[in-house]
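Below you will find one chain, with nothing else, as structure tokens; this is the form predicted alone, and questions on how it binds or moves follow later.
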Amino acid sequence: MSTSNLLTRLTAALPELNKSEVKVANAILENPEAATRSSIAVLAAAASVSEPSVNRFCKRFGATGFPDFKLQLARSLVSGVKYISRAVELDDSIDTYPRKLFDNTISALMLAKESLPLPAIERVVNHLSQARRIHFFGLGTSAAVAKDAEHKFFRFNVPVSSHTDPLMQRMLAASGGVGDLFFCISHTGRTQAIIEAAELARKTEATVVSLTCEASPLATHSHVVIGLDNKENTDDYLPMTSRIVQLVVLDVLAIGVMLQRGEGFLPHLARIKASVKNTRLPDDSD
């Protein structure tokens, strides 16, 4: 399905649609961002039609079904100010651009949830739980994500570090060994320094995991890939939704490791939490 002008195509097709299809089209056109987050039941109710009618409507416009239609609809919401955000236009005001950015992020998270590679996540949780040492690598915007990962995973009683210097990444990767896990973060998977570090680590007995685009060069140098289908164009715009999705996936991995550790690990986490309790001023809101 052509995605560049899907909303325009829906509008242009209105005179040719039957009564039920017009209802579905109007429900989508009234709030396309909400449509990307709706279930088929919710959209059918909003349009006062049956779920099979919605499914037939999606197929009329070239989708394989409703999930595929939502994915294509989300990708079609691609207009905006280059170098800032594709969700924003130059004439946006305080009444429009904050809501657009929230809607854009929510849509990206919902799409990521629907396409989450659960088998890969389970494998990565196992590798993280068994690692003797974990290094998180990231550059640019992904450097902040790598730092956040270090902050999450140090709690699991294993040496954890984050590295954003390409030379340090190369040296650490070349010195990897059994039990070392190199976790490489890159939205595009085309950042040369990260790819080279992963390639060096693969030549050792270490494990290489990547959070990146499934078919990227970085993915080919990784033992396990958490492939994300986030089509944010970070070559032309500031990374926004891709960064948020990466952070949530890391939250999923952290919870997975905690659940593997089991109830006996909770006192350790409680001690860490208690250690900062006295650093905060009392809460006088009550």
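Being a predicted model, the structure only gives us computed values, none of them experimental. Numbering starts at 1 and runs along the sequence shown.
This protein has a second form, the form predicted in complex with the DNA, left out of what is shown; the following refers to that one.
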query	finding
Contact check for 130, 151 and 158 against the DNA in the model of the complex, heavy atom at 4.5 Å	no
4.5 Å heavy atom contact, residue 70 to the DNA in the model of the complex	yes
4.5 Å heavy atom contact, residue 20 and the DNA in the model of the complex	yes
Partner contact for residue 51 in the model of the complex: the DNA, 4.5 angstroms, heavy atom	yes
Distance check, residue 40 to the DNA in the model of the complex, heavy atom within 4.5 Å	yes
Heavy atom within 4.5 Å of the DNA in the model of the complex - residue from 55, 220, 31, 260	55
